[in-house]
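Let us start with two forms of the same protein chain, each given on its own as structure tokens and named structure 1 and structure 2.
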Structure 1
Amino acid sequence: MKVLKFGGTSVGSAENINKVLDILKLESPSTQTVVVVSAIGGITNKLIRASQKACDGKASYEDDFIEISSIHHKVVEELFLKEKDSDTIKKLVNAKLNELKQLLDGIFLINEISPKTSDKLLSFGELLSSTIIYHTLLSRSFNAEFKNAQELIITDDNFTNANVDFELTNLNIDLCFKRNKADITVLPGFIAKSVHKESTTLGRGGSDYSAAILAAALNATQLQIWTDVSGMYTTNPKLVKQAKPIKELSYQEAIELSHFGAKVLYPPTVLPVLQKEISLAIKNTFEPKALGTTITHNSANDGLPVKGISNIDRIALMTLQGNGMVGVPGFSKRLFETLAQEKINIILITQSSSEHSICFGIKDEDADQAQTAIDGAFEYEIALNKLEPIIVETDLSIIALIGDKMKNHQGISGRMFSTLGKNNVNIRAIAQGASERNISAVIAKADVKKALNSLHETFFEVKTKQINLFITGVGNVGERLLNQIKQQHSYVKKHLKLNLRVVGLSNSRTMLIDDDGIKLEDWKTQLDQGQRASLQGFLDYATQLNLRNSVFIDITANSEVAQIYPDYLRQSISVIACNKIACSGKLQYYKSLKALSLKYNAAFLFETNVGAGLPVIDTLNHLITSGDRINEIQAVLSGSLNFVFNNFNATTAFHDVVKQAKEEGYTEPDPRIDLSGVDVARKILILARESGYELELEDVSLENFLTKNAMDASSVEDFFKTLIEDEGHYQALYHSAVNHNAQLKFVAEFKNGKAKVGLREIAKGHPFYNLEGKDNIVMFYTELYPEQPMIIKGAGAGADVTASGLFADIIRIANN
């Protein structure tokens, strides 16, 4: 004998019921089959809503009733369209609906609904669905019987969550099936009767349990739970897209997963089948060929210590603490007895080893009642200040890792908590069952999706890690970066196991957010049609989405953007700055960003601030972490100044060269920002700071080679005029260099704790002498490289190389 249970969605429409019949056609011929059905999907909730309205005196409960009726009528109409004798079923359904209406009218009249009435009312859902399905089977010539489970499953009168009297129940089932030899017997799930013949229910989701009770009593060969997903998943598939069905589970694992929130299986379901060692399968009505999950005595030998991750929402955490608890036996006993008397279920307990506090998790809805009861029970101790009144925190969730083999594997909790920590998920309490079959943590409800996704990634998708990028500033460099991300996406996924997704894009006018990742093929059009840009709005989105491994990338030169980094870091969102303002601004600000990055475990990288894509800062950091010390830095760090001095000679006018540099985009709109050396000063300042020296920009001595005339010019146009007037000054600089057999280079230097920048005559043979085009060069003299410096040289300007520097920062963060 087999027991098959079909859930709400499976019997949710005529189309779905036909799928159920197809399954029965395949399953039932081999053996006698018991079919347990839920109410049509959503009906139980609608019944509750209607009754609450009726109880509150709201006449609109009638609308809910009409909706409930028409759902059932529609299903009957569609199932019995071609049947001549559909009158019987229509009459039966209408009779039940009339009875239901009378009950609702009664509740409306007296404005009251007791748990007893509620159970009576909810029984209509399953009674209606099972009647409809039974008659459909008859009309399609199945050899079927109907049995009202209320005549078999007997409970106490703990309405809404009744406890089964197994002795009576098993006897009833046994007797009933001794006589009944039909191929298929249809029964309503979820509902039962008390010894006093009142309708009771087995708790929300209880049809699974009804089926298990029948399977155990009948010594069935298998219990099949047919639902709308292909088995028990590695985690809630509604919250984690990458979740996958688990092929095999042990009974214990299934108990833990369902107890900790895997709604696909009602927690009490496993026990009856476990005791009889009946195998339990979870299958998908809409994909009957999918393997589903098989639950037996043995956990699968697939080597995975963690089998699933589940979550329970709406948790309240209660903490009882005080010095009066230390060393005094019986406190916990009194506490838990108090809760038991109130029939409050405890989901998780932790006690600190100092015995100074006990902390436990219960359902949010029980929190008020628990608080009153406990403060009452410990009134005396609280009055004497031996205990504090109980502390209640709500809006929390529990997440749990589950697996039989976890106890044999070291370091699972370490990986769990470091994954959560890296993603800034604050853990309020931790509990590990003595069986070590589960580790659970209490976290904020708002963090659940992120926590499940990142834990799922750690334990099940070791192969790919998702990186979520929020990019602001999509000019020249930004555009190249997006191109690189698009081009390299599959390579990075395949070889580095990273899934790079651009979730947010913004320029100064519009912004665009897409939780599923922006399609990079036509980002420009999408961004043009995006909403109005706002720095705060962009941050708010990134915060609310609360995605794991989020990275904010600033490709602007805007000081307001540079001011918002702390807000990202505080959300544990890493920051990549192409913008130099933050790192070359006030020392205090730079230091505070570094501190926030440490505190919130979020990277703060800015490789492109110096030498564009050249790995200057990364190399410097590696030297320092390896214990080295930077003594001196010599560098040529300005692409624009190199361009100017590489092209300026006796046959060209300084004015024309600067003009050309400006026109070709090598300088800022006001070329003085480059020519005055301020930009280079900022770069050497950043290198000095990264080397561990505390300097402000004012401490960098800046030797200006421009004339006073040039600096004083009130407009860019006037500035260019001064270049013509002062050509002699610039030619003199050139000729002096030529006379000394040298080249003019704008050099940045850091030595003996002092930084300076200025134009130098570089003699032949010096590493700077042959520097071409836009190339940059940096030489680090360190303890390990005292005479022969560590040299980094290469293209130090240009949109493509800068974008690849940003790309490298992204990969650094992702690989961390």
Structure 2
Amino acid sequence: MKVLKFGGTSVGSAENINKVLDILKLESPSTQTVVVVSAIGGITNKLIRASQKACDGKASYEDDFIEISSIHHKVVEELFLKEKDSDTIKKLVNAKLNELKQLLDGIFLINEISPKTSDKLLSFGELLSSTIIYHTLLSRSFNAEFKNAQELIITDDNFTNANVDFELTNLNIDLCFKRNKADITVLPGFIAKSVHKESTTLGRGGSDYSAAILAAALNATQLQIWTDVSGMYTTNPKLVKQAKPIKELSYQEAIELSHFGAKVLYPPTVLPVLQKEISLAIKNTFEPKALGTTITHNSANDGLPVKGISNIDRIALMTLQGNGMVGVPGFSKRLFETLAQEKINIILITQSSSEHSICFGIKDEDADQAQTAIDGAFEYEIALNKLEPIIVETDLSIIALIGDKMKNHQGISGRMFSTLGKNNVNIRAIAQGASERNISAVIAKADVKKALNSLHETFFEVKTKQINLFITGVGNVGERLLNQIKQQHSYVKKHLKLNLRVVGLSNSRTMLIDDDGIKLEDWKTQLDQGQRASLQGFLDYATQLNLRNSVFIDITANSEVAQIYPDYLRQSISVIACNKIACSGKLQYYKSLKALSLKYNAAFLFETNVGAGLPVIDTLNHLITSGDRINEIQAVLSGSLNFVFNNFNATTAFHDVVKQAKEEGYTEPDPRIDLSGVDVARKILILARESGYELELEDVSLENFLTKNAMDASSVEDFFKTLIEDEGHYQALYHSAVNHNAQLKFVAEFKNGKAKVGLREIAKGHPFYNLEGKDNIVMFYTELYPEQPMIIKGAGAGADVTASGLFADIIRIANN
């Protein structure tokens, strides 16, 4: 024999009831089937609302009654298309509805509703739905019988949450089904009768409980709970899109998951079938072929130590502490007795080994009551300063890892806390039972989504790590980076197990945010239609979304953007800076960014500040980490200046070469930024700082080769005019180098704690002499490389290589 329970959504309409009948066609032929049904979806809440209005003397309760009636009439009309089939059921439904109306009228007249009356009122929902379904089965030629559960399940007089008398109940069920030969027996769930023949209800999850009681009494082969989801999930699918149904669970795992927020199952439901070791299946009425979740005495050994991740919201954390507790017995007893007297349930408990404090979690709504009661109970000790007044923290949640096999696997808690720490999820309290079936942590409610997603990724999606990118500055380099992310997405996901998602885009005019990830096929169109750009607004979105593994990427040269890095780092959002302003600005600001990066476990990378896509800073950091020390740096760090001087000669005007460099994207829109040498000065400053030296930009000696006319030009157009006018000056520089059998290179140097940049004549045979095109070269002289330097050489300018350097920084962060 099987017991099938169908919830409110499963019987919420004629269409859904027909789905139930299809399921019964498959289930009932092989064995006798007991069908337990809830009220039609939403009816219980409507009954409560109508009764409250009636109790308050509001005549509008009649409107609610009309709505309840019309819902049932509509279901009947759609199920019973033939007049001869519908007469009987219509009379029965109308009779029940008339009884309900009389009861509501009575509540309205006396303006009062007792728990006993409430139970009688609520019983109408299940009685109506079960009656309709039973007669539908008869009309479709099923061999069916109806039995009122109130005749079988006997309880005490604890109305609204009655306790079952199992001795009488089991006897009634046994006698009933010994005589019952029908293939299908339909019963209403949730409702029962007291030993004094009064209507009672079984409380929260009552219909599931009714089904479990019947299954246990009948020694059923299985209890099936049919609902609107395909079983119990690895975590809340509303918060974690990658959540998936769990194929098998043990009773204990199911109870733990249910207790910690899995709404599919209410813990007491499991107890009757647990005692009889009857398997329980949770199935989806709307996807009957889906496997669902099977709950048995022992779940299958599928190799996964963690079966699910659950959470409870609206938690208050309360802490009783004080030196007067240490070594004094009885504090815990008094504390918990005080809470018990107030009927406050404790969800989580943890205590310090020093006995200096006891910490426990309760529901938010109980916090004020608990605080008053505890401070009153310990008033004497508080007055003597032996105890502090109870400390209350609200707006918290509990997250829990659950699994029978966790105790046999080392490092589960370590992975859990490491994952949360990397995502800046602060843990307020921890509890773990001796069975090691549950590891619980109290966190801020605002961090729940991020915590569940990151933990789910760690324990159920270890093959793929999601990286969420917020990019500001989508000009030439930004566009190339987006193209690289799009082009390499599949490769990175397959080979590096990384899922790169662009969640935010911004330029100087508009910004675009999409929690599901921006489709890069038409990002320009989407961004054009985005909202007005705002640096603070972009930050606010990144903070509010609170996504795991978030990265902010600055591809601008804007000082205001550089000043907002600390706000990202404080939210544990990593920062990648193509913008050199932050790292070459004030030393104190640079050092503060480094400190924030460490404090909030958020990476701060800026590889493209020097050498575009060349691994200059990364190599330097590896040298320092290995214990090496930088003694001297010599470098050509401007791809644009190298391009200019490689193409400038006696027959080619300096003006024309600079113009070409600008048009091909090797210089900034204002070439003076490159030609003035300030950009190179910033780069050598960054390398000096990364080498451990404390310098400011003004400490870098800058030897300018441009004429005064060029530097004083009021516009880019005027600047180019000066290049024509002063061609003789630039030709003189060129001919001097030729006469000395040398090449012109703009060189950055750092030695003995001092840095300088300027145009140099490089003699033949020097590593810089044959540096071609837009290439950069950096030579590190260190204690390990004192005579033959470590050399890094390659393309140091251009949108593609700069984008490549940014992409490499993203991968570095992702692999951390």
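Here, a residue number simply tells you its place in the sequence of structure 1, counted from 1. We call the rigid core the largest set of C-alpha positions that still match within 1.5 Å between the two forms. Here the structure is a predicted model, which means the values were calculated and not measured.
**Q** Just flag whichever of structures 1 and 2 is the form predicted together with aspartic acid.
**A** Structure 1, which is the form predicted together with aspartic acid, differs in this respect from structure 2.
**Q** Taking the rigid core as reference, does P671 move its C-alpha 2 Å or further between structures 1 and 2?
**A** Yes, its C-alpha moves 2 Å or more.
**Q** Determine, after fitting the two forms on their core, whether S51 shows a C-alpha shift of 2 Å or more between structures 1 and 2.
**A** Passes the 2 Å threshold, so yes.
**Q** Is the shift of L320 between structures 1 and 2 large enough to count as movement, that is, does its C-alpha move by 2 Å or more after the core is superposed?
**A** No.
**Q** Keeping the rigid core fixed, what distance in angstrom separates the two C-alpha positions of A650 between structures 1 and 2?
**A** That residue's C-alpha sits 2.5 Å away in the other form.
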